[in-house]
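Let's start with one chain on its own, the form predicted alone, as structure tokens.
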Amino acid sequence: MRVVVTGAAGFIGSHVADALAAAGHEVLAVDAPGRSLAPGVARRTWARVGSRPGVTAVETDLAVDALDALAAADVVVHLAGRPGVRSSWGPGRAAAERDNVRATARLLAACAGRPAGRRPRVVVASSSSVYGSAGHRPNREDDPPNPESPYAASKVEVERLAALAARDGLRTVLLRYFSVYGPRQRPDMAFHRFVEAALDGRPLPLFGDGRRSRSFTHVRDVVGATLAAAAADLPPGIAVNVGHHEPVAVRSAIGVLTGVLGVRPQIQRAAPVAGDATRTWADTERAARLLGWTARTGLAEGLADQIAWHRALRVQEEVRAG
């Protein structure tokens, strides 16, 4: 199977590209690593992904470049975009619109422009942020959107575009990812910042009081759901939650993390982030029914995996430094 993975220099995208290549698929990895929030990290990941057997890496800006060649695939896994609630305010609003909405619209148009019978299945990354804050039960896919940030609003628009494309005959599926963590996590994300601070002996930088809770989902589980969606014959335009079914308060997660590290937690608090949900909570019945998927990685196991990656990176940096 020929699969295009957009955002392949990113956190989730690089893992998905690796897994598809390991499964024997022909992978076209697509990204614009220079536009990343962390271009140095993205460049290193990009070089690693492009060196894998079975992977061809092509630098493409989805918002401006020609995309017809990307649509000539069996499946397109669209993971590229401008992530982050914090960075989407102010000038970041335009970047979210460009890299999420405009880029997705152009990619969907290219895929829909293929001859009937030769259009790819398109798996589109969305986010739990489209729900806003969960209430007293987990969010189900038929809950109305309630975006609380420009980033979340851009993902709502991405979903609308995918639904419109489905009505016009394109086989799209939306995966709503919940608080993904694990090896290669972006430097701006919470667990990455927490682990690096703890390994340095610094206080952990915490936005708010730590009472916000998340359906923390290990990237290994997310990859499994994504590959299952790429292979499944699902109703066009359907949305599927991809998240751990048990939300955990951030302060409890910090306790798990510092316990794995064997250090005493030290916290440096900052003001809460505008638009940051008080709780994300995934109802995963649809994923179990349609994909045969459920998140299986517990938080302690998943954080130990991420910590091991941070430590390995530090060893590599020491070796490079001589």
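Note that residue numbering follows the sequence shown and begins at 1. Predicted model, so just to flag it, every value in this text is computed and none were measured.
Absent from the display: the form predicted together with a small molecule. The rest refers to it.
- With the small molecule omitted here, the record of contacts in the predicted bound form names 62 to 70 of 262 to 270, 47 to 55, 282 to 290, 62 to 70, defined by a heavy atom within 4.5 Å.
- Put simply, residue 13 is close to the small molecule in the predicted bound form: some heavy atom of it is within 4.5 Å.
- At the 4.5 Å threshold, heavy atoms of residue 97 stay clear of the small molecule in the predicted bound form, well away from it.
- For residue 127, a non-hydrogen atom is located within 4.5 Å of the small molecule in the predicted bound form, even though that partner is not displayed.
- Interface residue remark: residue 36 is counted as part of the site for the small molecule in the predicted bound form, having a heavy atom within 4.5 Å.
- If you check the small molecule in the predicted bound form, you find no heavy atom from any of 132, 139 and 214 within 4.5 Å.
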